[in-house]
Structures are given as structure tokens and as C-alpha cells.
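What follows is one chain in C-alpha cells, specifically the form predicted alone.
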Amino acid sequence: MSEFKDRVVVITGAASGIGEACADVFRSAGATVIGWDLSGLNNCEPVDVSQWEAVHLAAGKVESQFGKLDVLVNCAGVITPNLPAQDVENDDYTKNFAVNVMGVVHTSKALYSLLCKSDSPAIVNIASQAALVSLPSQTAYSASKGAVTSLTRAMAIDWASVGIRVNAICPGFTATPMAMGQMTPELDAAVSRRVPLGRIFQPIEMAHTVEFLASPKASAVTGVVLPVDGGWTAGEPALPM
């Protein structure tokens, strides 16, 4: 496939999980992929998206090398320890918002002028099903991902006039290092019971959805917040017949 031939794609959080899967999918489709990740692993440039100066500097490198940007995938994210609301440290809220929300703000603003030079620019933000339904002991993470969905819609309206499409996906439980680090046998069983499709999902499944939203096939789609959660947010799973 070469759907993204001659296209330049920046992916944050590209060293692992959904971000790494997105990088693989876009490369397979012919894109030139620039991975940004705090770790600097897997051929990623070490970039802390919570810091404006770091993002601004990295954006300048993209401009110098390519002169434009076609797709931005905002996948960098953190989750702090799961605790009931009364026990969550204020610093945990700060950390979640610094990376999950301000990271999206920083990259989108820093790369805006380069996206404007593309003939088919697109941003895809990675939110979470936790932005759409309440999950226990995840107030800081849920609040930050809820902000990502609102930011997505607002940016889509502001930037429609320059042709930049902005969408988000809300992954359900996905087998990423971050998610699986919090998984217990009990939670695994509960997720399997609660998800109508009956399973945890793989990063590649999220990446293919991101690829679609970034592609010309979705040329009329902007401002969409798309659950990719096996039906979790659609309602209660069906009872066995």
C-alpha cells in the first residue's frame, strides 16, 4: 500500500503501545514517520510534549527537513495510580493535564503552520473511553481525556477554514504497556464480561482506525470523537441467549 506516499507524519508517544503501532501502520502505507517520545527509544526523537520549548524545537526540525506536515497523531499520554477521588494527589491531576492535554495543545500549535502547507492535513488525538463513561478510581485520567475530546471538537471548528481536520478516537481496554501495567486477573475478567465483543483489544486495531481518520477516505470527517471500544459505551452487553 502507498496511500500515504510522500506524506509526512509526526506521532507522539511513538515508542510503544498505540503510538508504536501507528508508526508501523503509517510506514507500511508509505509515509515518512517522525516519532517523538519522552524515552527516545525505538528510533524516536526524545521530546517531552508537556514542555513548550521542547516541542517548539522539535517542530523546527520538521520544518527544516520537510517544510510541511500532513498528519499529526497525538498519542503521548500518562496515567497516574488508580485511587478514589478523595485520595488522588493534586500533583497527579497536574501530571495528567500537563501531558495528556497540554501535550496536544503544544504539538498542535507548534505544527499548525506546517499542517497548513499540506493539501490534506489531519490531526488525530488519542483520548480514551474513560472520557465517555465513568470508570472507578480514574478521576485525574478521565478528566484529562475528557478535555482532549472537547479540545478536539473546538480545534476542528477553529481550523476547518484552513482545511485541517481534527478528530479523536476513544480506545477501550487495549493491550499496551501502560494499560496492562494496571491489569489484574479480576479486571481482565471484568473487562471481558463488560465489553460486548468480549475481549481486550490490540494496539494495531486502534492504529488502523487512526489511519482511516487521517486518510483521504475520511475527507469529510472532522470534529468526531470515535469510540473504539468493542461496544462498551454503546450500552449494556447482551445477555446470553
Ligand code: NAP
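Please read these numbers as outputs of a predicted model, since none were measured by experiment. Counting begins at 1, following the sequence as shown.
Below: the form predicted together with the named molecule, not depicted.
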(request) Consider Val49 of the chain shown here, and say whether it contacts the named molecule in the model of the complex, taking contact as heavy atoms within 4.5 Å. (result) yes
(request) Examine Ser128 and determine whether its closest non-hydrogen atom to the named molecule in the model of the complex is within 4.5 angstroms. (result) yes
(request) Examine Asn43 and determine whether its closest non-hydrogen atom to the named molecule in the model of the complex is within 4.5 angstroms. (result) no
(message) How about Lys145 - does it come within 4.5 Å of the named molecule in the model of the complex, if we only consider non-hydrogen atoms?
(response) yes
(message) Looking at 212-220, 59-67, 169-177, 24-32, which stretch has residues with any non-hydrogen atom within 4.5 Å of the named molecule in the model of the complex?
(response) 169-177
(request) Spell it out for me: taking the named molecule in the model of the complex, does every residue among Ala15, Ser39 and Val99 have a heavy atom no farther than 4.5 Å from it? (result) yes
(request) Could you check which residue among Ala110, Ile164, Ala76, Leu151 gets a heavy atom within 4.5 Å of the named molecule in the model of the complex? (result) Ala76
